[in-house]
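Same chain, two forms, each on its own as structure tokens: structure 1, then structure 2.
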Structure 1
Amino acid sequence: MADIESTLNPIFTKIDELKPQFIERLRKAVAIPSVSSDESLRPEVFRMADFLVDELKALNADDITVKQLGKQPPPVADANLQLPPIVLAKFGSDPSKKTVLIYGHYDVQPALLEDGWASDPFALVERDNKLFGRGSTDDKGPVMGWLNSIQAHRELNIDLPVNLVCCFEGMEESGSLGLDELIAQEAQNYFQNVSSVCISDNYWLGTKKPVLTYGLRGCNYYQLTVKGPGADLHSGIFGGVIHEPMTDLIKVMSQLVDVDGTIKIPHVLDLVAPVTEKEEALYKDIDFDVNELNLASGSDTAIYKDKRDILMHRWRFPSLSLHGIEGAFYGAGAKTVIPAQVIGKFSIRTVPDMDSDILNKLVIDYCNERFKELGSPNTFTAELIHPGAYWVSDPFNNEFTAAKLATKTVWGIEPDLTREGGSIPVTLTFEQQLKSNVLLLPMGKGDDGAHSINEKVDVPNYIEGTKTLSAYLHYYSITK
């Protein structure tokens, strides 16, 4: 351990020295509006891939491979829309070293200034020792953190303690289309000999104490389509005399979840594994201030007030959330239109032991039954857009042991072991296809606002997070 600490000290000093360069690297990344869900911005997602390739070249990667994935499958407006590529790179191929695959994504959620941002979401702004910008914490900040770590090692002529394999995708915010297939294809090729996978695409539970994450909820995303008239109609002429698609859709969506978060679809909760006494005991000592939930949400609207209840419903139990209605009028003013077609979107966060196929049948059958009860002549379709499996790991394996040492070295405190309510479906894919353990090593804080307005990463988390990623590689390299 003393040898590792003596190696890490100059690396940490170099990271501090390179702080302005590292912030500038993130600034350039954030400036590219790589929104994967917006077809009009697809060229920007490709531009972000090119940016990563250039950065990897500058860091003297041994091998850079850009995997094209072809056309994006329906539903799409442009039948020729191309999926963003997966950028692969290698640093080192020493057979005496372990090989760690690092995963991240370079696409981001949509963001508009008029949504309520205090500044242009695609211009990194530093305020109060925080870096604001879309992707700053999800996930461009952590991806840049890995590049920062490599640069610090390079400038000091210190060899990386492991062989690194990089896997950066551009469709994570839109279902990671094509990624599962690529991992399966490359399991015995590009990803051969990978002994471990490290992902930094999650967050601390709160704002004061670092964590390591050993579990994630899954996410099954659904849409409901109601089609009626052949074109949008004037409510002054047709209101009250036709069955309106929006009315049908609202009626069905209103029967999915109750105001207290209870899922109203029968038998969904029957799929959930019972909570054991041993599992429940893990929640007792986790450092979590209930008030931080209100601070993170920007409101005092929590359903639960007790730490255990909040964390269990955030990590351990499923939830159903309504996300939006496509095709409906949403702008300013008073447009009296009856939309001809509307598409409602919602998701269910899944947990052990929910079977995705069984869940999908329960959801789709239930929605079809609710629509049938309306007696409407409109057409109705309920469908799964994409599934995402839950994931649970062993928080006491070599990866987590090394990450605990790295976290304590950098932050001076033992991290909490947590699960998360969000989803990273590729976690399970890597674990199954590569037969490797997966570690979730977060950089950002619980109040970073990923997917929300004014997304940010604290400067200390960005810089100390880069140190933590670096230390992890060194500690993991000596585990047996």
Structure 2
Amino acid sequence: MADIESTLNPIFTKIDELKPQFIERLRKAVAIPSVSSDESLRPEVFRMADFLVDELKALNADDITVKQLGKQPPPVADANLQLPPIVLAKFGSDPSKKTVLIYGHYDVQPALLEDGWASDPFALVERDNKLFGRGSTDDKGPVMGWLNSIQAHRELNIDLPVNLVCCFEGMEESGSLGLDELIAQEAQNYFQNVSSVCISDNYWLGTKKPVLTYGLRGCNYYQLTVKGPGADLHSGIFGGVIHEPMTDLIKVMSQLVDVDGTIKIPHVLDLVAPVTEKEEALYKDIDFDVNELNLASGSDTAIYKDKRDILMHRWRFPSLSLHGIEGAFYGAGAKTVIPAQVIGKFSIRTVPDMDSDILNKLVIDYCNERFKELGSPNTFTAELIHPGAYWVSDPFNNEFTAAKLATKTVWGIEPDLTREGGSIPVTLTFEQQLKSNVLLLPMGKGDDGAHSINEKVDVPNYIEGTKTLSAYLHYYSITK
């Protein structure tokens, strides 16, 4: 340990020294509007891939490989629209070292000045020790953080303590098209010796304490289809004389979840892993309270007031949300339609140890029974349209242990161990395909506004974050 600290000290000094260059690197990255969801900006996404390749070349990366993924599948306006490439690179291939895959994405969410940005979203601006710009925290900041760390090592002529494999994609904000296939394809090839994966693409829970993230909920998405008349009908002529699909659907949807979030489908909660003492202890010191939830939701509508209850219900209990209805009237004003077919949408956020197949059967059987009770002559189908598994890691494994030491060294404080309520599907893909542990090591704060206007990363998070990534590699390199 003492050895590592003496190794890290000059690296940290170098990182502080290079701060202006690192901010300049992020400025250049943010200046490229690589919005993957806007077809007209697709050339900018490619330009961003070129930028990364140039940076990797300048850092003397080995085996830089730009994986073209071909045409984007429909629906697209331009039938010849090409998917942005996945940029791969290696730093070192010493068989005596561990190999860490670092994943990040170089595409960003859309952003327009007129959405309410205080300044041009694609011109990085420093105000109050914060760097404002689209992608500053999601995910160009962290990607640049890795490049910064490599640069610092290079300038000091210090070897990286591990072999690094970079995997940077350009479609993360648009469904990561092509990524799963590439990972499967390269698992025994480009990614062959990877022993561990590190992803810096989420955020601190709040604004005061760094975190390490060891779990994500899954998401099983369902739809309920009620079909009656042959076409949409006029409620003047048919209201009161036929069985209306909307009436049936609303009755079934109303029996799925209570106002306090309790899932009404029997035995779903029986599938959930019990809370252990070890886990319970993790919640005690976490930096969070109900005010942060209210601030984030922009309302005073929290179901629970207690920190532990809120976090457990966000992270480790399932939830059921009703999202909407396809086929019904959705516009402003008044339209007197009886929709012929309506499709209710809802999803269940899944957690350990819920078995997806068992859950689906419980959900679908329950919906079918509720519909049957109605005695309606309309037809009813309940189905899963999109499964998504949860992910949970052991927050006491080598990766988390190393990341705790790195965080403590840089920030002088033990990180909170968090989960997230949402999904990062690639986490599970890496874990399964590469048979490696995955560590989520976020750089930004909970108030960074990823996906929102005035996205920012705090200067300390960007610079100390670069140190944390560096320190992690060193601590991880000496784990058994």
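Here the structure is a predicted model, which means the values were calculated and not measured. By convention here, residues take numbers in order along the sequence of structure 1, the first being 1. The term rigid core refers to the maximal set of C-alpha atoms that superpose within 1.5 Å between the two forms.
Go through 1 and 2 and tell me the one that is the form predicted alone.
Only structure 1 fits here, because that chain is the form predicted alone.
Answer yes if the Cα of residue 373 shifts by 2 angstroms or more between structure 1 and structure 2 on a rigid-core superposition, and no otherwise.
Yes, because once the rigid core is superposed, the C-alpha of residue 373 moves 2 Å or more between structure 1 and structure 2.
So, superposing on the core, is the move of residue 116 at the CA at least 2 angstroms between structure 1 and structure 2?
Residue 116: C-alpha displaced by less than 2 Å between structure 1 and structure 2.
Rigid core superposition, residue 218 Cα moves 2 angstroms or more between structure 1 and structure 2:
Result for residue 218: yes, a 2 Å-plus shift.
Once you lay the two forms on top of each other by their rigid core, how far has the C-alpha of residue 345 moved between structure 1 and structure 2, in Å?
With the rigid core fitted, the alpha carbon of residue 345 is displaced 10.4 Å between structure 1 and structure 2.
Look at the Cα of residue 285 between structure 1 and structure 2 with the rigid core superposed and state its shift in Å.
Core-aligned C-alpha shift comes out at 3.1 Å.
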